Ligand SMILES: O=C([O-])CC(=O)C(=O)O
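First, one chain by itself: the form predicted alone, in structure tokens.
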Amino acid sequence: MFSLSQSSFLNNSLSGVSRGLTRSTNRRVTAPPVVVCAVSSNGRPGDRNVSVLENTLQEMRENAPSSSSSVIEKESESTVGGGVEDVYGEDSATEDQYITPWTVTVASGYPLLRDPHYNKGLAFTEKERDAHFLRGLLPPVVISQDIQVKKMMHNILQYQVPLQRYMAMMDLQERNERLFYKLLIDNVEELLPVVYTPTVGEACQKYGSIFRQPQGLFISLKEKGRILEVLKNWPEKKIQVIVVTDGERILGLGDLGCQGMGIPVGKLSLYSALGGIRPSACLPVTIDVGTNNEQLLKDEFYIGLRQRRATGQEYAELLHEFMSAVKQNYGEKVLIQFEDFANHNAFDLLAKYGTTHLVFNDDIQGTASVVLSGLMAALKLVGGTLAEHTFLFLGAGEAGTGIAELIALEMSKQTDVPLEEARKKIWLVDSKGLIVRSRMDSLQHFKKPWAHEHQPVQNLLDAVKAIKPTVLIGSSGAGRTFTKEVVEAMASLNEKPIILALSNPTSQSECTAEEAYKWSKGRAIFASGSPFDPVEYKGKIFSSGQANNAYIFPGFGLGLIISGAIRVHDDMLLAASEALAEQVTEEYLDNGLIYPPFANIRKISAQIAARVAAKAYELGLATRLPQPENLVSYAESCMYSPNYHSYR
């Protein structure tokens, strides 16, 4: 048993160090014995963290470089600005001396208020304030967590600039973790656009300027050959989900290099808030191989490597070392989510590691799953099956081809036709026009399955007129490309055209909700990647849905974790889509919504997790045995709760 009395520990150890460092003229100081310890939240010392270092100052003096004189031998004439004597030697010591960064951590008093994992602020009870030496460190009032949430929401709404709201949320997360998640869960519809799209895009662009302290691991080319060692530097050892980016294609904003860290941080916040995965089990990672963004390379506040992007073998070796180190350090069941990699790397990484690791690409697979779900719900309004509709995409990158492939898989499953045949109902337009067979030799490998027999078509409007689609999907990252002529053409071909403008952030959306409804004379079934306000047209209010990946990936990840899945299978993505579509009630459809409100997202995530886990057991990919009888209840019971704990 190890215990610390507040009076004996603070008075004898801390003040003893201070007194031992106090100097008088022409006199050396004898260093007192120092106890350096770390105490866990229950008052017991952490493993391997308790040691007694006697005469530490004497050892430092003996081991100091010969070129510099000892700190404690300096004479008292050293002063700081303003003529105040530097009695502790701290200011002069840091100028030209090597020092040891001592830390004394206890689960009480001032350090407790600075620990985001355990801090409760004004919610500490009277009993807890006495037990943990908080008297005088807090105002006398005791308030509930609910009142704290109300106050924080009031404060955040005072900011008119979205980036200021984002920074306020990040400050709260660094100060009081449970309050951050409680606030986000209770106000998810208002705060989701703040902590993620569209505001996170601006945060990434300005990440160097707003960076305060690390929230994840930065692994650069400098760490090549030492990545396993770097992973061990992370304080949490039981990691279940890693979101990793190399920053090359952040949303629709392009190459933001090391500043893409905002994406993994934001995604994992949603994993915890919406999917109930413990924050301590989440690890954000940025792989920094440089950037080709000239503006960032010249920015004095840029926080990443100042070099052009590494490619080829150098890039592949770094990623392979990272993937191997993750598996070695955290095991086979840790979920690795690839995020915002450029097309030429995203598909290759997913194909390369899909058979050896538990990997998931949200841009390819998550987007596909959420869009397929929206289409399943929309069919309840327009009628027919997927196979009876024709799909036209603007954009043939990760998102576009990923969505197209999952639609084709669901068609094949429903109609029992070969996948190649199902693909013929889906057409894609890229920057060079309609993807057709005559372009086969010049196409990237992931576009080739979508090259059908047809005359070349140069632009989207002509493609709409030629293909006559019932569904138009934008994943181009190019704003305002669904022009008035394009929307009117869709409306002339269909009584209820389905138009999905999926590109993020809002500035890159192919069209706005207002444009879609007005140009289609109120007949469009519309959803977007970024949120839009309700639109009034001819006396009727239209509320558009948001095809946000946050509907899918938190519950999907939870399903993989609770089943102990070792691989991701396409059938799991289809199961997630079906589960989400089933949450869209007739009431929502009557209001034009093809996605349910985010207010119910935790329950929705539990439903998705249960279906994904059930599919993992069915496919023989689950390792947590035996299978729970009620997977929905089990998923809910495994979810992280942000409510405060009571302390002894």
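Keep in mind that this is a model prediction, so the values were computed, not measured. When you see a residue number, it is the position in the sequence shown, counting from 1.
Another form exists, predicted in complex with the named molecule; not displayed. Remarks below refer to it.
Enquirer: Would 249, 267 and 362 all count as contacting the named molecule in the predicted complex, using a 4.5 Å heavy atom cut-off?
Expert: Yes, all three are in contact.
Enquirer: Going by heavy atom distances of 4.5 angstroms or less, which of 526, 196, 482, 180 would be at the interface with the named molecule in the predicted complex?
Expert: Selected option: 196.
Enquirer: Can you pick out, from 291, 548, 259, 577, the residue that has a heavy atom within 4.5 Å of the named molecule in the predicted complex?
Expert: Comparing distances to the named molecule in the predicted complex, the residue within 4.5 Å is 548.
Enquirer: Examine residue 510 and determine whether its closest non-hydrogen atom to the named molecule in the predicted complex is within 4.5 angstroms.
Expert: Residue 510 lies outside the contact set for the named molecule.
Enquirer: Look up in the predicted complex whether residue 343 has a non-hydrogen atom within 4.5 angstroms of the named molecule, and give yes or no.
Expert: Residue 343: no, not in contact with the named molecule in the predicted complex.
Enquirer: Does any part of residue 240 reach within 4.5 Å of the named molecule in the predicted complex? Heavy atoms only, please.
Expert: Residue 240 lies outside the contact set for the named molecule.
Enquirer: Check whether residue 272 has any heavy atom within 4.5 Å of a heavy atom of the named molecule in the predicted complex, and answer yes or no.
Expert: No, residue 272 sits far enough from the named molecule in the predicted complex that none of its heavy atoms falls within 4.5 Å.
Enquirer: Quick one: which of 160-168, 422-430, 404-412, 335-343 gets within 4.5 Å of the named molecule in the predicted complex, going by heavy atoms?
Expert: Contact criterion met by 335-343 only.
Enquirer: With the partner left out here, which residues of 489-504 have a non-hydrogen atom within 4.5 Å of the named molecule in the predicted complex?
Expert: Residue within 4.5 Å: 504, and no other.
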